[in-house]
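Shown next as structure tokens: one chain only, the form predicted alone.
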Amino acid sequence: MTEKSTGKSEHQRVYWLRDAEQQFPELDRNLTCDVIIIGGGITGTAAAYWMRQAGARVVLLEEELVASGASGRNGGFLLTGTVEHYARAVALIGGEKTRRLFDFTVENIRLMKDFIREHEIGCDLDESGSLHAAISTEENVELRESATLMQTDGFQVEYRDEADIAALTQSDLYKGGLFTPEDAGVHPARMVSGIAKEAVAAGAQIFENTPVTQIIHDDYDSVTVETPKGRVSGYLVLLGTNAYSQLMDDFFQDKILPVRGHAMVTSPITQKLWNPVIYANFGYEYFRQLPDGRVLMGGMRESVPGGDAQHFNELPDERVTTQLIAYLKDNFTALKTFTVDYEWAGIMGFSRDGIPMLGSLPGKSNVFAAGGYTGHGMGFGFSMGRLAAQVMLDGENIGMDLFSLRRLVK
């Protein structure tokens, strides 16, 4: 048995959720509204906020607590880009589409920073940038090429050579890297909680500990969502359930795949190690130092056969945790001795082609879904919530060619 329980409660294992408490009531009555949002992560809460700004009556239903899923279990990285480095993305999907996708994430980060400042959300916004570090010559070549292409396309990035990366990371493991000064780190659960509070302040209704048991399509113009103690009837539904979308509708069985990701947080480290948040090895490893000195380390899912995919088990796997610990101890002199104070796992939603999706389900024109972020939900989710509001309420389709889920219909 490799999955293990630490003896802590589910949320106490997660550094970001260790103090999480219920903020919003449980649904215990019947309601009517314009839009029903299922899922209280970054996409759902952002959509609730933006839809209220447009004047829609909004009800959001969250099975557990706001941000208790992947939105509160990630590394808190606000990154420019997709799962692929820019050069590889250009080779796979073309230059124009790649530029537009990366532009979308740049705008997402700008919007999130502005939102955090305007609403004074205490989520430890750290604007020290990000570093994508190469552990192989192959990846270094790809990052160097990416830097050239991105600079040509107007992105603010800097290529750093091996000596620079050694100074930045305090390790000789890396061959080179790409620094993006506009990227940032946050406390993801506090950020999502802040978005939810602003949505409620704007008039949205949010219900926690309210699982959805059934979605009933009454007719073309209306839909009813059943929960254990009440139902909500409306005209439109948004599934902000990402990895769990296939549990909501069979359409997603082969389109958004569940993939387990691991993270851990160490005891406080007195020495300042790194300023930027750091992605390495094509994103398979990532780490950062938190405001209290602790180090967050995530990744290593390739330690599990099959890439740790196609299941919904959120218990941490000892095989992965062992590799995370070894990575820090083997590569950083200042981290030879530490304890692991928090370790957890979360389920990410990987789209079939690595690109997020947004749109209505075939044959269910009033049920929409947004997700498939492939490990980059913080880089897309806030703006995807805004785009969902525009598409669902106003019928806008600017940018929808990037995300349309119809591209994955066989």
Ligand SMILES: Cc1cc2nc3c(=O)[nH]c(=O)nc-3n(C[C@H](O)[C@H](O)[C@H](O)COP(=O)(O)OP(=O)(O)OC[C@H]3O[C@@H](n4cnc5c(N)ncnc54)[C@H](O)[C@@H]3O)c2cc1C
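What you are looking at is a predicted structure, and each value in this text was computed from that prediction instead of being measured. From 1 onward, residues are counted along the sequence shown.
Below: the form predicted in complex with the named molecule, not depicted.
Peer 1: Within 4.5 Å of the named molecule in the predicted bound form, do we find a heavy atom from each of Ala48, Gly354 and Gly385?
Peer 2: No residue of the spot touches the named molecule in the predicted bound form.
Peer 1: Using a 4.5 Å heavy atom cut-off, indicate which stretch of 91-99, 325-333, 265-273, 234-242 touches the named molecule in the predicted bound form.
Peer 2: Answer to the contact question: 234-242.
Peer 1: Using heavy atoms only and a 4.5 Å cut-off, determine which of Ile116, Val295, Ala87, Val212 is in contact with the named molecule in the predicted bound form.
Peer 2: Looking at Ile116, Val295, Ala87, Val212 one by one, just Val212 meets the 4.5 Å heavy-atom criterion.
Peer 1: With heavy atoms only and a cut-off of 4.5 Å, decide whether Arg73 touches the named molecule in the predicted bound form.
Peer 2: Judged by the heavy-atom cut-off of 4.5 Å, Arg73 is in contact with the named molecule in the predicted bound form.
Peer 1: Closest heavy atom of Leu257 to the named molecule in the predicted bound form, within 4.5 Å or not?
Peer 2: Output for Leu257 is no: heavy atoms all beyond 4.5 Å of the named molecule.
Peer 1: Though only this chain appears here, would Met248 touch the named molecule in the predicted bound form if you measure heavy atom gaps against 4.5 Å?
Peer 2: Output for Met248 is yes: heavy atoms within 4.5 Å of the named molecule.
Peer 1: Is Tyr174 near the named molecule? Define near as a heavy atom within 4.5 Å, in the predicted bound form.
Peer 2: Residue-level check for Tyr174: no, no contact with the named molecule.
Peer 1: Is any part of 354-386 within 4.5 angstroms of the named molecule in the predicted bound form by a non-hydrogen atom, and which residues would that be?
Peer 2: Residues within 4.5 Å: Tyr373, Gly375, His376, Gly377, Met378, Gly379.
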